[in-house]
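What follows is one chain in structure tokens, specifically the form predicted on its own.
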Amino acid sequence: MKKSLRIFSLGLLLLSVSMLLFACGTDTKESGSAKDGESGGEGDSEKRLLIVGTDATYAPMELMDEKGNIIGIDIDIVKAIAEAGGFEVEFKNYGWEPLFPAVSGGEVDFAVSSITITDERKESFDFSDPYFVANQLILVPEDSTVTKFEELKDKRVSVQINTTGHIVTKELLGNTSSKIVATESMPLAISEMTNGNADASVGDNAVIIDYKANNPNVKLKTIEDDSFEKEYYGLMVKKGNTEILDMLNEGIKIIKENGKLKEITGFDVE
């Protein structure tokens, strides 16, 4: 009888312990669920990350620093747009030519690379509102007699391929002119000229001015020409991607209104 009572008591004890452990386990699970719920709430508030393609060979607009980071005026502008628009960005260096299929193929969410908004490009891509104004500039050796763009008609001209500098040069010299030296990047185009393979280079003003300022020992001069029209840079998006386009335009609108864009560029954008 005592033995039976002892077994019965032991059984009650084990049952009590089991119930206690079950209760603790239930509390832990509920607590964990509550934390998961809290974490989910925080996750909902996390900023969306957009991948941005660029050609980091276009100083001072986009370039690589000594640590391999992509920096520049364009990069600062996009970061400001992202902060204003409530999203985050990650930059990837694609190079100029591969940048376009990267956008159309969805490898990146959008591209920033001093991309001038043109009617031809708008046939294949969508563009944000303009965020930067530029124009073409001519770079020639210091002893050059060239005074205007028209005088390059019979000369060799280096440009970065498929840029607006390339476009206007083809309009002057002809689409298939052998006198056009088209390179993969603007630094290479300028090198072709300084090495004697071209008589002049044509490119965006900010890039040419930056090159001249950072290479004072290279005897060069710049030439402005009234025939060059103002150009407007935009952020390039896959055709039809209105969601990304709306996010970018909202950020651009904010940094135009609060003065951040002017703070970065030094001038207002129309």
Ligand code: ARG
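The first residue of the shown sequence is 1; numbering continues from there. Given the structure is predicted, the values throughout are model-derived calculations rather than measurements.
There is another form of the same protein, the form predicted together with this ligand; it is not shown, and what comes next is about it.
Requested in this report: Spell out, yes or no, whether the shortest heavy atom distance between Ser128 and this ligand in the predicted complex is within 4.5 Å.
Outcome: Outside the cut-off, so no.
Query - is_contact(Thr194, this ligand) in the predicted complex, heavy atom dist at most 4.5 Å - result: Although this ligand is absent here, Thr194 would stay clear of it in the predicted complex, with no heavy atoms inside 4.5 Å.
**Report entry** is_contact(Ser113, this ligand) in the predicted complex, heavy atom dist at most 4.5 Å
**Finding:** Heavy-atom contact with this ligand at 4.5 Å: present for Ser113.
Requested in this report: Classify Thr163 as contacting or not contacting this ligand in the predicted complex by the rule of any non-hydrogen atom within 4.5 angstroms, answering yes or no.
Outcome: Close contact exists here: in the predicted complex, Thr163 approaches this ligand to within 4.5 Å, heavy atoms only.
**Report entry** One stretch from 238 to 246, 52 to 60, 65 to 73, 213 to 221 that, in the predicted complex, holds residues within 4.5 Å of this ligand by heavy atom
**Finding:** After filtering at 4.5 Å, what remains is 52 to 60.
Query - Contact residue in the predicted complex, chosen from Arg121, Lys79, Arg156, Lys170 - any heavy atom within 4.5 Å of this ligand - result: The residue in contact is Arg121.
Query raised in the report: this ligand in the predicted complex: within 4.5 Å of a heavy atom of each of Trp96, Asp204 and Glu231?
Result: Yes, the whole candidate spot contacts this ligand.
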